[in-house]
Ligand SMILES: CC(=O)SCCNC(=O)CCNC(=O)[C@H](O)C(C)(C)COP(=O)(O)OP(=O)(O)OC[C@H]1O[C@@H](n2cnc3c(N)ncnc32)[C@H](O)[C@@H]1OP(=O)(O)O
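This document opens with one chain alone, in C-alpha cells, the form predicted alone.
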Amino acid sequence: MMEKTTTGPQGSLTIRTLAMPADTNPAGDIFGGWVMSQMDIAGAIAAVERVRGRVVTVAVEAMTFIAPVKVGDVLCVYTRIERVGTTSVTVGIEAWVRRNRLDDRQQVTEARFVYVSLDENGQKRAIAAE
C-alpha cells in the first residue's frame, strides 16, 4: 500500500471534478463506483502520458475507501507512476476532497491501478525507457 502522508496529496493533480447529487447512493453519499471511475480515468491519463500510447486497465490493487465523498465536494485525484514493467505500468492514485469547495483537504480513497500498453492492433506493446 502507498505510504500514508499527513502533509497532503502525493503525485500530480490529474483530475478535479465536482461531486453532484446524481452520483449518490441510497445513503446520500457519493457512490463508491463513481469515485473509482474518476480514479481509473486519472490513472489512465497518467499511464498514457508515460507509455506514450494506448492503455487498458487490467487490475485494481489494494483499493481503500477512507472517508465518504459528499455532494458538493470537489474531488481531486492525484497520480504517480510507481512501477514500469515490460508492457505494464502501475499507477499510485490518491483521491482527496475539498469540502464545500474550500481549501481544506481530506483524503478519501487510495489505490493502485495497473494498465497494459497496447499497439494499434490491440496487442501488448513494450514500453520504451524514459
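Sequential numbering from 1, following the sequence displayed. Nothing here was measured: the structure is a model prediction, and the numbers come from that model.
From this point on, the text means the form predicted together with the named molecule, which you will not see here.
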property: Open vs blocked, site of the named molecule as found in the predicted complex, superimposed, 2.4 Å to backbone or C-beta; result: open
property: Which of 82 to 90, 45 to 53, 66 to 74, 22 to 30 lines the interface with the named molecule in the predicted complex (heavy atom within 4.5 Å); result: 82 to 90
property: Partner proximity in the predicted complex: residue 15 to the named molecule, non-hydrogen atom cutoff 4.5 Å; result: no
property: Heavy atom of residue 59 within 4.5 Å of the named molecule in the predicted complex; result: yes
